[in-house]
Ligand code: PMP
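Take a look at this one chain, the form predicted on its own, written out in structure tokens.
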Amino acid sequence: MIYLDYSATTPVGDAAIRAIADACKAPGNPNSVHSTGLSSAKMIEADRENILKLLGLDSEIFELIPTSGATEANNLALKGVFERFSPKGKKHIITTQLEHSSIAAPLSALQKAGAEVDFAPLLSDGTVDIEGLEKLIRENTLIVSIGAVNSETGIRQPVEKIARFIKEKYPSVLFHTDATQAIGKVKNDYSDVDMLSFSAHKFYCFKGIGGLIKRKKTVLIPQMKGGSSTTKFRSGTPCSELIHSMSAALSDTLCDFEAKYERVKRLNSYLKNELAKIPDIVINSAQNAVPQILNFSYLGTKSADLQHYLSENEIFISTGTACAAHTDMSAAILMLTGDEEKAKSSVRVSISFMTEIDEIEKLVRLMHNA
């Protein structure tokens, strides 16, 4: 089996497995006040601080709300601040047309509740036109939400620059980024963001755990109510085992990061160059895309048919994001290229530092025969 769908989910690493086994030895409910409960709560707090530190964030300024993943975190961020500030007239939200469905869907729901949503214009490479974005900001703008890395194409948005620009010129506007496809792939400075979402199964941890990081001064309305917890922003008993594994997985992923990143860059360059030699293949990922994601179209062949052909040969790729895998056309590719044929024939190969060169070579050989 050759797995080339790391952006959908990564395999669980040894660090996460060891950590969850260790955490299972401390069975206390972190909401309990007896010694085992307090011990569990203390472990969660240490893991929260470790994750913030690994992301270069000050625990005096930021806090981590553990969630079931980025979808919940995105919903909490968008709905939570809208419910908090919309009664004061702050109802305007700016995003892009490249966002994940866990951004688009809650925004659609918020529009029915009175939200006014605008889409920031994009440059030819798919990145946000910051001057165009600024023209959209108005007095009642509440939040700008822009994903750090697009899950289908790997386009890397200049979130550091956007966050700094908003903080300096429009301090009353919140900036949120869905960093799900960025954390573990590239390093960003998130110190100017107000909120950040992520899922741990993208960096070699278990599914079902992630988080929303926010500035402590940023107030939002909890979306889950009832029952005590270690955070007032998400009710319920936190899973100390998964949180501990998430902390360990992130530590392990970022260890020797530069060497891992350079290895992925070399693999990406080789794959891109070899695919470009094949007639009817068009590379859709721009130069600014992260090296872990390569999107291409095999013109004249439907995405699902190509995926099936490779799957029969034990190579597993994606026709898009796993959360939108059953559509017959990539909305992102259509929006970026304006070409329906490219959108209907696009696939995503996502690699990792764990990917071997012979796996890439087999993919190329099969594409020559497709």
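When you see a residue number, it is the position in the sequence shown, counting from 1. Because the structure is predicted, anything quoted here is derived from the model rather than measured.
Missing here is the form predicted in complex with the ligand; even so, the following discussion is about that form.
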Check each of Asn295, Thr177, Ser240, Ser199 and return the one that places a heavy atom within 4.5 angstroms of the ligand in the predicted bound form. Ser199
Would you kindly say which of Lys79, Lys90, His100, Arg156 lies with a heavy atom within 4.5 Å of the ligand in the predicted bound form? His100
Among the candidate stretches 247-255, 275-283, 156-164, 70-78, which one is within 4.5 Å of the ligand in the predicted bound form when only heavy atoms are counted? 70-78
Using a 4.5 angstroms cut-off on non-hydrogen atoms, would Ser145 count as touching the ligand in the predicted bound form? no
4.5 angstroms heavy atom contact with the ligand in the predicted bound form for Thr96: no
Any residue of 340-370 with a heavy atom within 4.5 Å of the ligand in the predicted bound form counts; write them all down in order. none
